[in-house]
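Take a look at this single chain in structure tokens; it is the form predicted alone.
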């Protein structure tokens, strides 16, 4: 386990689950620190919150939903197969989303939390179990790889160029590229 990698994932999790400008600022500053980027001191965090809501929350249809099902299901329905796959993984890790069955399990923030747990299991002092390695490989190659690329593309397409949301999308892309390229592919079932 690399503490810097975990810190980066935590800041991304916190950014994509933020509910106000203050939470966005806190997470974005940590993201910028993890990727050696600079956020201008005169950043209007209320404007960042508006952009975040426009892209990810609504109330109108959003161009970059934060749920895997929106990218993995043919009809973009929430709580689809991708959500159930995520739920199954969480249960294998001893996790559950708050209010299970109400909040879609495949929200990006929940998936990043699961990745933190997986990476912590892989980085324990004892050699990691084959089960932990297999779950991590499946999650990276078979689940996250199916939707993070389209999500990042949608975010980059609709975010303000050079803005804080674009910075977070770029940090997510850089982290996932590294994760994908350093994780062995899962063994066939």
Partner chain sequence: MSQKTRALSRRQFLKGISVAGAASLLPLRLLMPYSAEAATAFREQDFQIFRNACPRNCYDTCSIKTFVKDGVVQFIEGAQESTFTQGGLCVKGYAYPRRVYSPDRIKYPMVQDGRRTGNWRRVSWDEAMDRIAGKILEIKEKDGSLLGLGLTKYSGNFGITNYGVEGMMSSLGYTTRFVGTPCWPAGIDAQNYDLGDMWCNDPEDMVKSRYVIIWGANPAWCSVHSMKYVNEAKRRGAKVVVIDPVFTQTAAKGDVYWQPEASSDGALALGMARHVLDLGLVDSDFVNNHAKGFAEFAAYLRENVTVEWAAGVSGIPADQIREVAEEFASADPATIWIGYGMQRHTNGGASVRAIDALVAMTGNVGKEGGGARYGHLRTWGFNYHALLQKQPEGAKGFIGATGPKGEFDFTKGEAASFTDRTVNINKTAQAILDTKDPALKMLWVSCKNPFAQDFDRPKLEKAFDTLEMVVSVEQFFTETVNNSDIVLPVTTLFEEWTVNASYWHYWVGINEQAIKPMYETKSNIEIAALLSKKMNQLAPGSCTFPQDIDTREWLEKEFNQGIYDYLGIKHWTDLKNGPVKARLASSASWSDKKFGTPSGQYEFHSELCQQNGHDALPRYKEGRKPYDEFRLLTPHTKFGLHSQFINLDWMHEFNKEPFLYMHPDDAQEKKIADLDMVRVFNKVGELKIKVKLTSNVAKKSLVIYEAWFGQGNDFNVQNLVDDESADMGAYKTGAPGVAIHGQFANVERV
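Positions refer to the first chain, counted from 1. This one's a predicted model, so the numbers in the text were calculated from it and none came from an experiment.
A second form of this protein, the form predicted together with the partner chain, is not displayed here; the remarks below concern that form.
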query	finding
The partner chain in the predicted complex reached by all of 3, 33 and 178, non-hydrogen atom within 4.5 Å	no
Contact flag, residue 41 vs the partner chain in the predicted complex, heavy atom cut 4.5 Å	no
Touches the partner chain in the predicted complex: residue 37 (any heavy atom, 4.5 Å)	no
is_contact(residue 135, the partner chain) in the predicted complex, heavy atom dist at most 4.5 Å	yes
Heavy atom of residue 146 within 4.5 Å of the partner chain in the predicted complex	yes
Stretch 85-110 - residues with a heavy atom within 4.5 Å of the partner chain in the predicted complex	85, 87, 88, 89, 90, 91, 92, 93, 94, 95, 96, 97, 98, 99, 100, 101, 102, 103, 104, 109, 110
